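Below you will find one chain, with nothing else, as structure tokens; this is the form predicted on its own, and questions on how it binds or moves follow later.
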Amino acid sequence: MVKQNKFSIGIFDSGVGGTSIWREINALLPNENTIYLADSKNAPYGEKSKQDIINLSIKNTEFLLKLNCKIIVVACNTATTNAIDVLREKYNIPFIGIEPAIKPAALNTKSNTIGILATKGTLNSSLFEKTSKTINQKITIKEIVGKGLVELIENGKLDSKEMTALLSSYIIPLVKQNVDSLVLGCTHYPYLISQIRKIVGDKMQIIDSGEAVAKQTKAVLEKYQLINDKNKNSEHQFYINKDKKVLEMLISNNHKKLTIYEMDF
């Protein structure tokens, strides 16, 4: 019988953005095998109904469970904030969620004004509302729906003029409103950090949740004695239901043993 600690970490997102989380997990846990599911065909989740998001999250979970994943990372803010409670109730496996890091932003702000760039699905969720209420009332939160950003990333237009114009329309008003901490509330958005820096310079601290998610993944694996610490040749499988070119572009500079499967699911 194969020990469960040799099984893979499962990760899913509404597309390729969650590879930003995969990178952090892989850096912290280099001996772990991973299986990444990119539901690019249905991206972005942020524009869908809560029930649609739950249904897609269940479908993704079932896919990863069939591949014997020992833990599942929901590398999507919208799926976490709308569906993770359902997943935890339905399946007997540890789940790691991700939500906008507004708490560290609130602790570090000097202007008492923080910005959050996220999808509509994340900002409208009950979990985000609950988290927001824990923030000091003296701190103002400026919410920006990043409509169109995920689609541009999924189409490989990271450094396009179109991206620069759209990002500027979202970010420049935040600068004018004295925002000094910007929370990236979507796992696609860390790939835009260099673009954002060109717009804001050093006027804002940019915060994402990747490192914290990796640390939480490690902590949960340790708690359940699922750490794979003897594996010297980790393998990483990626499944995508759309053209794989953008996914290849985002992970191509990684020297690990990678396999990409382009298939319909």
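Numbering starts at 1 and runs along the sequence shown. Keep in mind that this is a model prediction, so the values were computed, not measured.
Although it is not shown, the form predicted together with D-glutamic acid (DGL) is what the next lines describe.
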Given the stretches 131-139, 185-193, 108-116, 155-163, which is the single one in contact with D-glutamic acid (DGL) in the predicted complex, using a heavy atom cutoff of 4.5 Å?
185-193
So, a 4.5 angstroms cut-off on heavy atom distances: do all three of 73, 97 and 217 pass it with respect to D-glutamic acid (DGL) in the predicted complex?
no
Using a 4.5 Å heavy atom cut-off, state whether residue 238 contacts D-glutamic acid (DGL) in the predicted complex.
no
In the predicted complex, does residue 150 come within 4.5 Å of D-glutamic acid (DGL), counting heavy atoms only?
yes
Any chance residue 44 has a heavy atom within 4.5 Å of D-glutamic acid (DGL) in the predicted complex?
yes
